[in-house]
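What follows is a pair of forms of the same protein chain, given separately as structure tokens and numbered structure 1 and structure 2.
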Structure 1
């Protein structure tokens, strides 16, 4: 069985930052593997270690800079990676869900995996829809917000627990090929060992252009446009009481009576 995991490099913004145009100035950004994708990678590696999976492949959409992040997934046990990027992908301000699903679907069709794992959402845009949209493009079965997974190799079925609203869980069987979006907490992602980091340096990261995956520039035309970015002004009506416990308690009681909360 081959497992393909979609991974994404996300930016973490410093506490104090400046905005340049419609983006946060690059000086204030640090990049890391998306938190939800980290759990998806761990789940795939565990499937390989436990026997059902023979190969784990990661795929990302990102510039050459993202290879450092991708190698962290390789250091944790993925076998190889595919990185999709093209000059045409630099033009849109924001890649919408449909565009990302188109790109990922082209790679999935080329790789022909039995199981595709994605994170439930990304820590930057937080659309939370790419995995399910990808399944729709591929015509695969899908399960969203999966917090437990057991694979029956003989039946070709994934037994999954899905996290629903209100603390409800759904237990369902999903026939492969399928796309599952993985929730945080399904496992405990491992740290990349020093040996794993060294081995990752020799693992393949195959760069793919749009032409390589059989798409053209029309495939990345987005319906979303980022018109502006700004840091919202914060207003506070906080009143700070000073003094010892008795004094501050008296001041608080006065305010509560004035507000009609206490008599």
Structure 2
């Protein structure tokens, strides 16, 4: 079996930042492997180590910069990577779900995996939708917010738990080929070992343009336009304690005593 994992490089915003137009100024952004995708990579690598998967391939839509993140996934055990990028993708401030699913579907069709693992959501744009949209593009089955996966190779069925609200999990059987969106906590993502990091240097990251995956600029036409970005107006009337650590702790202690919860 072949497993494909979608891996996004996400931007994290510094404590203090400035917005330029409809973007956070580049100076205040730090890039990292999306938390949810880290768990998806681990789940795929475990499927390989436990037997059923022969190959784990990652796919990323991202500029050259994202290769650093892709190397991280390779160092953790993925075999090779595909990176899709194109000048046509430079323009929009926001890649919408449909565009992302279009591009990823083209790669999935080329790679022909049995199982695709995505994250539940990307930490930055937080659509929480790309995996399920991708499944429907492909005509694959799917399951969203999966926090336990038991794969039955004989039957070609994934027995999964979907984590619902309020401490309830749904037990579902999903026929392959399928896309599962992976929830944090499903496993313990490993740290890349020194050996893994060294090996990752010689693993393939194949760059692909739209043309390479058989698409044209229409595939990235979006109905969504980001028209403004701003810091949300705080509705808060929080009283912020001033002073050094001992002064602020003292004021906090007074509040706790006033509320009668601590003595």
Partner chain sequence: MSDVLAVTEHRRGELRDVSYEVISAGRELADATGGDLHLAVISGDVEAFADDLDREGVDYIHTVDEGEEFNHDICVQAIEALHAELDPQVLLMPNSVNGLDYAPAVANRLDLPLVTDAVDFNYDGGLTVTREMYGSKVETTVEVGGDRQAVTVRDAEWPQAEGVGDAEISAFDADIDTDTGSTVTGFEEVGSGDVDISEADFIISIGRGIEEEENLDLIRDLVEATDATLASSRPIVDNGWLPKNRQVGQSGKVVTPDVYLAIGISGAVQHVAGMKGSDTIIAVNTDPNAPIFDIADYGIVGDLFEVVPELIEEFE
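It should be emphasised that the depicted structure is a prediction, and the values quoted were computed from it without experimental measurement. The term rigid core refers to the most C-alpha atoms you can superpose between the two forms while keeping them within 1.5 Å. Numbering follows the first chain given and starts at 1.
J.: Is structure 1 or structure 2 the form predicted on its own?
T.: It is the first structure (the form predicted on its own) rather than the second.
J.: Could you check, with the core superposed, whether the Cα atom of residue 253 shifts 2 Å or more between structures 1 and 2?
T.: Yes: residue 253 shifts by at least 2 Å between structures 1 and 2.
J.: Could you check whether the CA atom of residue 167 moves 2 Å or more between structures 1 and 2, using the rigid core for the fit?
T.: Yes; residue 167 is a residue whose C-alpha shifts (by 2 Å or more) between structures 1 and 2 when the cores are overlaid.
J.: Determine, in Å, the CA shift of residue 232 between structures 1 and 2 after the rigid core is used for superposition.
T.: Comparing between structures 1 and 2 after core fitting, residue 232 shifts 3.4 Å at its C-alpha.
J.: For residue 243, what C-alpha shift in Å results between structures 1 and 2 following superposition on the rigid core?
T.: Spelling it out: core superposed, C-alpha of residue 243 shifted, distance 13.0 Å.
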